[in-house]
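A single chain comes next, written as structure tokens; it is the form predicted on its own.
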Amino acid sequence: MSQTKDASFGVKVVEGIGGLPKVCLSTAYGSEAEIYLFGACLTSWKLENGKDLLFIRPDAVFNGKKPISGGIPHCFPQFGPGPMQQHGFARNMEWSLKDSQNNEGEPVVTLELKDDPYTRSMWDFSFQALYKVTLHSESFSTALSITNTDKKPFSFTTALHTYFSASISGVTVEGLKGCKALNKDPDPANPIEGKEERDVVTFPGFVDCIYLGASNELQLENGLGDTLTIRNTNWPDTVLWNPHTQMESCYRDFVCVENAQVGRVQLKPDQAWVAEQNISFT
């Protein structure tokens, strides 16, 4: 891709779908991203050619009540089912824009979520979550930090539930060979433990699998002619998901490759946990 600079770049907050505020990021090189403050959900990532590499499901609603289905929703402080609502509360709460800046033509924003009576009704702890997103010419990076601001310890699980645009019949994921796998097919409540023996994982049908101790670098071929590299620091696990015919209207058009922390993180008062990822077009 060309690296011609454009003077019209930066960060702006505009009204999005359903009147929800969204943060628009654009680089000096033509790439763009959008993040809704509701759920701190990154809903769009476009390169200079205008192609969106993230996916929003056709059943997604933007009403400030239900989590946005698609893009990169947050799972915090609970990944999956458990004592509170599915995937916790961070994906269906309004985050605040704490900081924004331009770093040599690359916009950086930091969103913040803190406890309130709603969160305490499910999870009675004081915390601060910061989500920093940096948009580059052909990649973006995120850093999620969770700080215990309470006087007592707490634990949590978390994930970034990333939906990539795809043609599922042509999708492949490399880098998981040798990982311990918890396969939720056929029974999500009783995953089958095993070891991933394949060099290349494909999606011939329903896939819902957690990989523990996954590599910090994966290669995703999205079936649309694009190769993406997913790198991470301190996200120890990976989740692959495609609902197949359980979601007939759109399963062919996306794949979820998720950085996750499936095991519980224990934080003492004033301790923080930080995990980073970088998703690049290669």
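Bear in mind the structure is a predicted one, so any value in this text is a computation, not a measurement. One-based numbering along the sequence shown.
Although it is not shown, the form predicted together with ligand TA6 is what the next lines describe.
Trainee: Going by heavy atom distances of 4.5 angstroms or less, which of 155, 86, 145, 96 would be at the interface with ligand TA6 in the predicted bound form?
Mentor: That would be 86.
Trainee: Which pick from 211, 131, 163, 140 sits with a heavy atom within 4.5 Å of ligand TA6 in the predicted bound form?
Mentor: Contact with ligand TA6 in the predicted bound form is made by 163 alone.
Trainee: So in the predicted bound form, is ligand TA6 close enough to residue 251 to count as touching (4.5 Å, heavy atoms)?
Mentor: Residue 251: no, not in contact with ligand TA6 in the predicted bound form.
Trainee: Heavy atoms within 4.5 Å of ligand TA6 in the predicted bound form: does residue 29 have any?
Mentor: No.
Trainee: Given that the partner is absent here, does residue 231 sit within 4.5 Å of ligand TA6 in the predicted bound form, heavy atoms only?
Mentor: It does not: once ligand TA6 is placed as it appears in the predicted bound form, residue 231 has no heavy atom within 4.5 Å of it.
Trainee: With the partner left out of view, is residue 136 within 4.5 angstroms of ligand TA6 in the predicted bound form by any non-hydrogen atom?
Mentor: The answer is no: residue 136 has no heavy atom within 4.5 Å of ligand TA6.
Trainee: Mind telling me which stretch in 34-42, 237-245, 48-56, 217-225 gets its heavy atoms within 4.5 Å of ligand TA6 in the predicted bound form?
Mentor: Flagged stretch: 237-245.
Trainee: Decide yes or no: are 76, 124 and 264 jointly within 4.5 Å of ligand TA6 in the predicted bound form, with each residue judged by its heavy atoms?
Mentor: Heavy-atom distance to ligand TA6 in the predicted bound form: none of the three under 4.5 Å.
Trainee: Within 252-282, which residues come within 4.5 Å of ligand TA6 in the predicted bound form, counting heavy atoms only?
Mentor: Heavy-atom contacts to ligand TA6 in the predicted bound form: only 258.
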